[in-house]
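The chain that follows stands alone, in the form predicted on its own, written as structure tokens.
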Amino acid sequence: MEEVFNIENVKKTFYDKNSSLMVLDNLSLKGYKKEIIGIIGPSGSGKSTILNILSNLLKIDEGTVKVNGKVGYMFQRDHLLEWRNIYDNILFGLEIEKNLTTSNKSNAVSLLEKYGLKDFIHAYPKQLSGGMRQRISLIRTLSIKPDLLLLDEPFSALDYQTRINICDDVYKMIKDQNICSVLVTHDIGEAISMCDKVVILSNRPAKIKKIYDFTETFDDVKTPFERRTHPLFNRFFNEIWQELSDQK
């Protein structure tokens, strides 16, 4: 498999005038092309810190971080610009990169068409539902053609039914692009249903407590919703719940 990122023996401590807070302690993790990795752990265990390190928004204290290719980052909120229509919102990342070529514009429109949103190309964000806004946000991120996609609890603001539906859509979109993705979530069911691997973090300072590899377990299951009805889903849910509960 083609390696996309490699975090090796990383330590990260935050400092202020009077104290220090060690968040990551000798953490190592690799990600490969076509893989969706879920990161789940106790509150404050450094899940988002890992994403910020991968995106080079944070510097590490010790260890090494290698990312092969471009990084796209999708946050909890969609951050769509309300005064720009959907087409102009999708092009925003390309504008920042100064990469607004005819080919890239065409690719952005193709993504809208492929995922059933072309009819909304001239609409404005306020006219869309929460789920549609998140799909647009993802298409905007995918339009820059990232090799590594980081998702920081992107469905947390949505109601339960919408989250279930959008997980299927987002899963398909990510898999279609053949990229590596890292999903941070507090939702155990979301992690199991969407991810090839689920990484359980310990309490702060975080180490990797356990990694669940579902590559073969759900090999014949096509969508996150179908995974939720798989005979092994509840077993893994309970195991991960126990892993997290043991740390309280």
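Model, not experiment: these values are computed from the prediction. The numbering used is simple: start at 1 and walk along the sequence shown.
A second form of this protein, the form predicted together with a small molecule, is not displayed here; the remarks below concern that form.
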Hey, in the predicted complex, is S193 touching the small molecule, heavy atoms inside 4.5 Å? no
Please check if K209 has a heavy atom lying within 4.5 Å of any heavy atom of the small molecule in the predicted complex. no
Indicate whether the small molecule has at least one heavy atom within 4.5 Å of a heavy atom of T49 in the predicted complex. yes
Is it the case that P42, even though its partner is missing from this view, gets within 4.5 Å of the small molecule in the predicted complex, heavy atoms only? yes
